[in-house]
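This document opens with one chain alone, in structure tokens, the form predicted alone.
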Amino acid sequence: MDAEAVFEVAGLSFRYERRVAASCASLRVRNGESVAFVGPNGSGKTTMLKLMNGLLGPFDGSISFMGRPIAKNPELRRRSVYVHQHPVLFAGTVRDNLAYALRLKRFGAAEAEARLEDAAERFGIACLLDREAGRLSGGETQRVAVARAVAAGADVLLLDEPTSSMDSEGDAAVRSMLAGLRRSGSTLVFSAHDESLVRELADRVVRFDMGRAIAGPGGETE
């Protein structure tokens, strides 16, 4: 077992009815690494991200997080989050969204407020705190969703097409946010069609085709 590994996948196979939707012989994601999943629509990228965050199952093979199986792994829920291509924010203001996530994690009032203010400043959303979440642009919504997760303690982010369908301003803001997370040591695993985003952010690329993660030299997808 690699002490530096955040995720380890071995012999994975997941099916929708009889069709293999995702398979991976071997994958290791190390602490602080940024890994891009690339490939055509329907190739298994999103399915793989959801499997790694425990949102889909059952499956054959194994997925571990911090050296333990993901099933009933409290560290997975505490430290990792899956951010949808179109994140869902709760009704209410941006502040309400961050505060609710912090209450779920049982932070005390003073620490919760400090975390909320720090995340708002770090991700450039302080000016949005009193805005209704339903009135945000795509880029703003993505930044709020990530800020909410990080404020609540996540440092392993699984992101599905994080810059998809955004205007140029939103795209630039999200790229800057992700670059900052990478510099700060967060672990990023993201799917993307945008080759420039992959070049900017990825330490390593895993290609998917017809549900299968393509193995590189040595037989591992790394």
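The numbering used is simple: start at 1 and walk along the sequence shown. Fair warning: this is a prediction, and the values are worked out from it, not measured in the lab. Think of the rigid core as the biggest set of C-alphas that the two forms share within 1.5 Å after superposition.
What comes next is about the form predicted in complex with a further copy of the same chain, which is not displayed.
In summary, among the residues 26, 64, 34, 164, the only one with a non-hydrogen atom within 4.5 Å of a further copy of the same chain in the model of the complex is 164. At a distance threshold of 4.5 angstroms between non-hydrogen atoms, residue 68 is out of contact with a further copy of the same chain in the model of the complex. When contacts are judged by a 4.5 Å heavy atom cut-off, residue 40 counts as touching a further copy of the same chain in the model of the complex.
Contact annotation for 138-160: residues with any non-hydrogen atom within 4.5 angstroms of a further copy of the same chain in the model of the complex are 138, 139, 140, 143, listed in sequence order. When two forms of a protein are overlaid on their rigid core, residues whose CA moves 2 Å or more are considered shifted, and residue 80 is not one of them between the shown form and the other one. Relative to the shown form, the Cα atoms of residue 128 and residue 180 move apart by 3 Å or more in the model of the complex.
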